[in-house]
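Shown here is one chain on its own, the form predicted alone, set out as structure tokens.
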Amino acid sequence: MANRFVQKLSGLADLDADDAAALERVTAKPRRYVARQDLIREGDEPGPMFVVLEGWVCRYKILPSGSRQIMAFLMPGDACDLHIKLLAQMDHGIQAITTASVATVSREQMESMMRDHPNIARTMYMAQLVDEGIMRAWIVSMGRRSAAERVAHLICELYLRARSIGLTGEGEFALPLSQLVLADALGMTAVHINRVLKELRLAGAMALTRGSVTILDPVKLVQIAGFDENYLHRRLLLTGLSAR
């Protein structure tokens, strides 16, 4: 099975065989997490960098009212918290959404690898910049996009991220996110997101079924979202979801 971490970083810049082998070595002993199991919790002392090899994971924060805000989705190939060890404690939690295989890379391992492999160092920093771009796009969605635009934009983003690591079919991809999870990510209620998903289906843009999304009309979905893939900074332009 392909190492999704190597696959993702190879999509950002050229990695040679030695680079790929080094990445595979540090992620060779992943740990298995079950759905809703925390990798780390808010207030914990920061530990190693997490690398998701299989499954989906999210960053989240619990408000005093008990409600949850999901701040990021991490899919196979994603790494998080390159420099987290510099902080005194975690300001949010990270939790498995599905059964997940997650490797841990210590700060010492990462520093050594980045020192010995300049290509890896460059791609890790690029990946971090992409993560920051995604965060900015989410902030814009929460602040300025309508409910339909917000949902459509997230689906466009997740589709392209999944496609870049080979997790999609023709206009379809596995989306193991319940409507409640989507609501927590988009700042909506489950009832509201159910209504928006119905509107998008009736508009012929997309259809969400249990565990998967079918993009019925890519152009229409992109237009509804006002989607511009620039913030994902992908090296190769992919066909399908493009307004151009």
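Residue positions are given as counts along the sequence shown, with the first one as 1. Owing to the predicted nature of the structure, the values given are computational and were not obtained by experimental measurement.
Omitted here: the form predicted in complex with the DNA. The next part is about that form.
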| item | value |
| --- | --- |
| In the predicted complex, segment of 215-223, 54-62, 184-192, 25-33 with a heavy atom within 4.5 Å of the DNA | 184-192 |
| is_contact(Q179, the DNA) in the predicted complex, heavy atom dist at most 4.5 Å | yes |
| Interface membership of A147, the DNA in the predicted complex, 4.5 Å heavy atom rule | yes |
